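Below sits a lone chain in structure tokens, taken as the form predicted alone.
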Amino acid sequence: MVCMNDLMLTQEVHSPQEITCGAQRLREIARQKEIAPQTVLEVFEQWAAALDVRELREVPGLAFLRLWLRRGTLEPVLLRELGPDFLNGGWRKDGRARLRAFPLGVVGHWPAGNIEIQPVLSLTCAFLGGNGCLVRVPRGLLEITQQIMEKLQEVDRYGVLTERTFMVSFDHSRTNLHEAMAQAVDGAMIWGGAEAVSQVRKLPFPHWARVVVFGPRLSVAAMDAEAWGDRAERSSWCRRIARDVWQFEQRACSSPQALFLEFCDERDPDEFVKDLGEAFQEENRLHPRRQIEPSLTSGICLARALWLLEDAPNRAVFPASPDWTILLGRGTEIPKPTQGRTLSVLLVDDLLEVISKFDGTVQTLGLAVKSAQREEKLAQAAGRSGVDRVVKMGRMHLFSSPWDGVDLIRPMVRLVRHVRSQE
């Protein structure tokens, strides 16, 4: 098969040869054309600006993607993971030797199908390492991914990034095409649910391939009695948790599914829920849902009914529509997520008891705690219980590196050590 001279950014593929051909081209570009991270950051800045258009503003997660692409976000990540010399593609001293980062070659991306921006988010990490990107775009994300990538084409006038990109689409059941992708790459970034991740990890990757997995996780928030009982600050905290719930429609691993409130006899949780309901209503006014899948509507209605039937003291606050839901009760276990802007608010006697039950599935813990000493204890307990991020409530989606406890760019480069022969 003859390789294409010009690779389309998104292409339906039907044979392993098409994938192999595309990967070969990407690998040659990565080897022959160096690209410094500073150059990538410059294109990213222009890309972020180009994405600020009316037709894309309602895309879940696009605001996050625009912030992610900014130099102020990614330059600190590069500095932390690889050091200042890497920004311009240079060597840095390491004793009598020197080190320099080189691309792996071709990085394959298997994004999850439920996060609109994830195909693009994943490839940005490999771009910063100078790699070529072979991305399988889930069918349901083809249109939005194409729209986002068209904005990259507009600003990438010399093709420094677009020529390093090959986005493919094929049915998830085509095992031979998944295998062709795996065999053609030097690294991989895998995202998604347990079943999808397990299937991709079984693929025949080369023995030298670097494989990084971001599997299924969930997130929760927690407030001590002093924080939620403070009337002067309560409305602000409620607005923060509402923003965390609204982003990504609660489909992201960093989306809070439950909020644990530390109980106190002197404070009325109904007052908190009233303020939280007002914050949800306001967030819904600012960012209304344009459409909703029938299955999600059914799931929300079922969750409301089951919650109220499960235990007589349980209460719920929600509008007539399925726009948002607050489920109030007691318990230290994380309920099964409903998503769709459905937040379980659970009263507990001790936040430490809740955190001690985490089993490694919790990715992010959003905290609102008055005492710095108390927060230190909670953060320590969370780290020991498998939590990778402990952040201020309202900032649960503000990612940096590490992500799920793993560096984002460092695994997608090779650090070459050079000891001069003259030494």
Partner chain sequence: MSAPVEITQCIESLLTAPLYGLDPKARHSSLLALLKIELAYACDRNPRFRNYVEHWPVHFHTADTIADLPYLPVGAFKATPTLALVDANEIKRTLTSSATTGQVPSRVVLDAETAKRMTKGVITIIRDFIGPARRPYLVIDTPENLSTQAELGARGAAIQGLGSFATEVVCCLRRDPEGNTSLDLEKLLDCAAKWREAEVLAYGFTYVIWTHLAQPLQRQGVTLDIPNIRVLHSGGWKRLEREAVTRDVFIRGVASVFGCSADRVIDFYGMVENVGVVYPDCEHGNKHVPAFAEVVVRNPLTLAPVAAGQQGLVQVCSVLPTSFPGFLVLTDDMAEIIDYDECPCGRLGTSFRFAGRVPKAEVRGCGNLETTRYQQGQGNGLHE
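Residue numbers count along the first chain shown, from 1. It should be emphasised that the depicted structure is a prediction, and the values quoted were computed from it without experimental measurement.
The following text describes the form predicted in complex with its partner chain, which does not appear among the structures shown.
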- Message: Since only the chain is shown here, I'm wondering whether residue 276 would be in contact with its partner chain in the model of the complex (any heavy atom pair within 4.5 Å).
- Response: no
- Would you check, heavy atoms only and a 4.5 Å threshold, whether residue 329 touches its partner chain in the model of the complex? no
- Message: in the model of the complex, is there a heavy atom of its partner chain that lies within 4.5 Å of any heavy atom of residue 385, even though the partner is absent here?
- Response: no
- Message: Please tell me whether any heavy atom belonging to residue 185 falls inside 4.5 Å of a heavy atom of its partner chain, as the geometry stands in the model of the complex.
- Response: no
- Message: What I'd like checked is whether 234, 269 and 367 together line its partner chain in the model of the complex, meaning each has a non-hydrogen atom within 4.5 Å of it.
- Response: no
- Answer key, its partner chain contact in the model of the complex at 4.5 Å (heavy atoms) among 127, 191, 166, 246: the residue is 191
- Note on the structure: Checked 314, 162, 281, 147 for heavy atoms within 4.5 Å of its partner chain in the model of the complex; positive is 314
- Query: Looking at 98 to 106, 216 to 224, 68 to 76, 236 to 244, which one sits within 4.5 Å of its partner chain in the model of the complex if you count heavy atoms only?
  - Reply: 216 to 224
- Message: With the partner left out here, which residues of 139 to 160 have a non-hydrogen atom within 4.5 Å of its partner chain in the model of the complex?
- Response: 139
